[in-house]
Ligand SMILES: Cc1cc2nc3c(=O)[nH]c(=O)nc-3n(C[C@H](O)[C@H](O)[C@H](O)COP(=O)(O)O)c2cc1C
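Shown here is one chain on its own, the form predicted on its own, set out as structure tokens.
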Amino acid sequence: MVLYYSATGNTEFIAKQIADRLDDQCVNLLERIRTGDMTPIRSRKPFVICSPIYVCEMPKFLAEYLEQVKLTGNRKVYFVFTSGGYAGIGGALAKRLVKKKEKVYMGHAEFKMPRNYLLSERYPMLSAEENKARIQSSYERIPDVVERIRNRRRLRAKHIFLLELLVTLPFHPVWTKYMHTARPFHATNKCVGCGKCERMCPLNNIVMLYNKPAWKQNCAHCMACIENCPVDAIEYGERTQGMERYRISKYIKRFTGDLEWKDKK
């Protein structure tokens, strides 16, 4: 069974491609996370957990959910990470999580996908051509990862050195505490009150007041709200004004089967 969380479609794309090729079930964990649904998840095939990387790790809310929910049936667990170029210590923490659950860690794979983080100048958004190149490159790697999973072979990615672990572990909580503020988020007059941002928030951090979204302070900076707004009505202070929003559905026609570009003639 393939389990995933995805904010702007990168991880969903990889997860559904893998599930399609494995002829396996694909489950979006968003609603389970939002509602605190801890119903055990059972799979006769190995679990394949697909996750984005935020600040060199899995999203905290996803890791916490996986720690609590019971995975029954097959004992083997694979991880697949999508990132803007660096999966950090995600693999080391995934291995620790799997061992705590008394499962068998089968390694992880990393896919370099387009960036979606609009809120910092440290991570400039890429051009449409660069986004397409990353999607294409990742798409071409999927069969190899699928073949290893099908044959129950371990996935192998970049080795995580002890120094890398020691430096990153304390960095993550500091960054999230001081940088993951939701205060600058606001909806402009373009807002149509559709409520999609509220439904997309994994932490229930958005509420609709007078037909407009309002943000509380439990924010993961996942970009689900600002990138998925159908009318681009959400801004983050002045930082995002005039910036192109990213979501993979702008580039491809569907998430399963062969890769089909929207601009294909």
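We number the residues from 1 along the sequence you see. This is a predicted model, so every value here is computed, not measured.
Keep in mind that the form predicted in complex with the ligand is missing from the display, and what follows is about it.
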query	finding
Per-stretch contact check against the ligand in the predicted bound form, the hit in 135-143, 69-77, 191-199, 109-117 (non-hydrogen atom, 4.5 angstroms)	109-117
Residues P52, C56 and M223 all lining the ligand in the predicted bound form, heavy atom within 4.5 Å	yes
In the predicted bound form, the residue from K95, K103, R148, H180 that sits within 4.5 Å of the ligand by heavy atoms	H180
T11, heavy atom within 4.5 angstroms of the ligand in the predicted bound form	yes
Contact of A7 with the ligand in the predicted bound form (heavy atom, 4.5 Å)	yes
Distance check, P124 to the ligand in the predicted bound form, heavy atom within 4.5 Å	no
4.5 Å heavy atom contact, P184 to the ligand in the predicted bound form	no
Any residue of 91-110 that, in the predicted bound form, places a heavy atom within 4.5 Å of the ligand	none
